[in-house]
Ligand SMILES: Cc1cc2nc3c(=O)[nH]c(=O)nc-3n(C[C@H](O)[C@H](O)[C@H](O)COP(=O)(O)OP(=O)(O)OC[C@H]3O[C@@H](n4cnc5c(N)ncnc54)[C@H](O)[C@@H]3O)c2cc1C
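Here's a solo chain for you in structure tokens, the form predicted alone.
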Amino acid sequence: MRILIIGNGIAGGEVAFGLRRAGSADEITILSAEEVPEYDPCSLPYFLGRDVPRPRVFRRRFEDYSSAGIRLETGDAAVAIDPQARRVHTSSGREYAFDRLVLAHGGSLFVPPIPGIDKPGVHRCKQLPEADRLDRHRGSAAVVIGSGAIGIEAAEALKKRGYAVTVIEVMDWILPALFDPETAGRLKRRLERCGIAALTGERVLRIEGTQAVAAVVTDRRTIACDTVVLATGIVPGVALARTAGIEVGRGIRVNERLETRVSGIFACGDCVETVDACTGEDAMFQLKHNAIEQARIVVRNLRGEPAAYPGAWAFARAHFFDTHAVSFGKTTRATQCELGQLEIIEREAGEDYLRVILKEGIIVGGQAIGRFADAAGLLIGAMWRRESIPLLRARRELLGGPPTATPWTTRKLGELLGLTG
């Protein structure tokens, strides 16, 4: 059987090498628009900050593909799918035949329509060639547009390189997709203590400069700079799927087997819209662990072993300098339009902070900084089990009783939520 995989990122690589680990003798081809073997895009800010040498960002070497009997075609982007002829057409005019097709091509950076955004000195940090260009760039003052995880990590990297760094976020708090304002405010203060300016609730109007970047103009001020980094979010790649008549929403829509409505065409990774494993709602969590789990489900189905994907789950880290924070499940903002009684549990110990969101007594999300972040697994487990926190409160006297009275996880959860005092 001819298996063609579009995309050589984490999801695509996991499908190809997962098939080989499972003993598949199928003909496997990976089609990649990039020129390099698989690498970890999450490592790029650390490479930029000189914390990780460039060779360490790679997850595979070219010889890994050949030794596994996997054909890797690089530097050629897929542009159209003919589902009837079972062929993929590329930008160079080549065609690739398939019996089974896996779409794992991720997404692309959202580029806002800002005047001057194409000037020399404006950079991205999503792909390795972009990180290489930024690494070679010689600047001294940078503006990072966007304060998601990549934006914060890029800001840290540039600060370590000696740049003066300003982060601009159009929302009223940094890391808005991951954290509530109460948590984000604490992270912003930590970021500023490290010498990075964080401007929130501010919109970039234009990028100025004659031959290259000279300043960023917002609706409040002008910031002199010679470097701009775009960290403005990822748009799922759905255009290719549309050429085959595959249903798309925010991302490519799939069933529980991660197969599209076109038989024999599967999808996984950042281009896919699935469901929230805890709530069953439609969801897009573009996170590494979800890409790997989805790829493994695709492998099983390609092998003829029916396997259902239980859904994606939101868990992300925000790490900069000596600050470590995590977010899981929903934020308060994500639950505000939902029916049901919400409750917030907050705990603070010095600079360590915990925020847990309950809906009808069940944990639906949370955020933590410092030592509370180290115990996030207990909270995630309780969220998955849909453990009743009101019931836990009612059993407060047992939490402080003999160790044999309640399970260890229940006791530790009670301690974490401050129910044992």
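Being a predicted model, the structure only gives us computed values, none of them experimental. Residue numbers run from 1 along the displayed sequence.
What follows is about the form predicted in complex with the ligand, which we do not show.
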ask   = Residues in which of 39 to 47, 349 to 357, 387 to 395, 62 to 70 have heavy atoms within 4.5 Å of the ligand in the predicted bound form?
value = 39 to 47
query = Are D270, Q286 and H289 jointly within 4.5 Å of the ligand in the predicted bound form, each by at least one heavy atom?
reply = yes
inquiry  = Please tell me whether any heavy atom belonging to T227 falls inside 4.5 Å of a heavy atom of the ligand, as the geometry stands in the predicted bound form.
reply    = no
inquiry  = Can you tell me whether T323 touches the ligand? I mean in the predicted bound form, with a 4.5 angstroms heavy atom cut-off.
reply    = no
query = With the cut-off set at 4.5 Å between non-hydrogen atoms, does V238 touch the ligand in the predicted bound form?
reply = no
task = Answer with yes or no whether R317 is in contact with the ligand in the predicted bound form, where contact means some heavy atom within 4.5 Å.
result = yes
query = Quick one: of R250, R133, R206, K126, which gets a non-hydrogen atom within 4.5 angstroms of the ligand in the predicted bound form?
reply = K126
inquiry  = By the heavy atom within 4.5 Å rule, which residue out of A77, A97, M171, A277 makes contact with the ligand in the predicted bound form?
reply    = A77
inquiry  = Suppose contact means any heavy atom within 4.5 Å; which members of 1 to 31 contact the ligand in the predicted bound form?
reply    = I6, G7, N8, G9, I10, A11, G12, L31
